[in-house]
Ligand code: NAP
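Single chain ahead, by itself, as structure tokens, in the form predicted on its own.
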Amino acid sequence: MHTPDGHTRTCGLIGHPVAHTLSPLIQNHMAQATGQNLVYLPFPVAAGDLGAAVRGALALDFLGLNVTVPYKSDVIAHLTEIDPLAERIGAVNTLVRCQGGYKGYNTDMPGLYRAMKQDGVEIAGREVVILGAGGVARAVAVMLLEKGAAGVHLLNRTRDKARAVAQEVNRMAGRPFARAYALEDYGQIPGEDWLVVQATSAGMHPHREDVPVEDPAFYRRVEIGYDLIFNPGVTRFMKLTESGGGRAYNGARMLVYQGVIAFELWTGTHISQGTADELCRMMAQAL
């Protein structure tokens, strides 16, 4: 790694909390691998200080920032520009220096898409089941619309919440693209061989045994199950998917690729597949 000097550029992560983050591991490794004189650090930002943090980063000439919970939507008010995909998703996780400020991007969803492609999962023309109806589920639905999926089926504990997300996505689509169901009504979803994206926090450490759907009959219809959680590395959703005969993936590769895309936006360099694979191995060890 470069010893920081007068030419070192700074990038960082803002959010609350940030102490547990693996992003410095990912970003500083890429800086080293590509010979960039860049250092990446986590910065905890207290409630109410978000605007001051963004203005401070600009004043200190930070090259860019990642943004994590709880500021991914609130940060939009502090941007000079916003990428159209991030605007449609309604969440920004990457800020890139532009004329007079920062431009906001969402690299989480392109990261998920890149991970899926790497795992040999084709989205175009496919119906996709999404578990959940929060911000992440909405972002996944928008990404799937962008990438040419045939439609999405939102399954949520409260159907009304799923219906609100479906209506919003359908307005963007200009057609009936998304449908909403209560969890127990999954039997109404047509077809077999589902691609399912688990977009709730159920199963995240320390609540490892939680899962949105318990019913083994559900998992017999899952061909590919994507859990966006990366800690633990194997969730109960993944185990149930595999016991039903399906392939299961976690969110670690998505986490790596969202970081890769952010790094590429900041530096204009290309990260090789070899480096990305190395980062995935490092992530697995770190977890």
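As the structure is a prediction and not an experimental result, all values here were calculated from the model. From 1 onward, residues are counted along the sequence shown.
If you look for the form predicted in complex with the named molecule, you will not find it shown, but the lines that follow are about it.
Taking the partner from elsewhere, residue 225 is found to have every heavy atom lying beyond 4.5 Å of the named molecule in the predicted bound form. Contact check for residue 254: a non-hydrogen atom falls within 4.5 Å of the named molecule in the predicted bound form. Though the partner is left out of this view, residue 208 does not reach within 4.5 Å of the named molecule in the predicted bound form, counting heavy atoms only. Residue 183 belongs to the set of residues with a heavy atom inside 4.5 Å of the named molecule in the predicted bound form. For a residue to qualify, one of its non-hydrogen atoms must sit within 4.5 Å of the named molecule in the predicted bound form; all three of 136, 156 and 161 qualify. Among the residues 43, 62, 230, 249, the one placing a heavy atom within 4.5 Å of the named molecule in the predicted bound form is 230. Taking 92, 141, 196, 199 one by one, only a single residue has any non-hydrogen atom within 4.5 Å of the named molecule in the predicted bound form, and it is 199.
This chain is displayed without the named molecule, yet in the predicted bound form the stretch 199-207 from 167-175, 76-84, 116-124, 199-207 comes within 4.5 Å of it by heavy atoms.
Contacts to the named molecule in the predicted bound form (heavy atom within 4.5 Å) from stretch 7-34: none.
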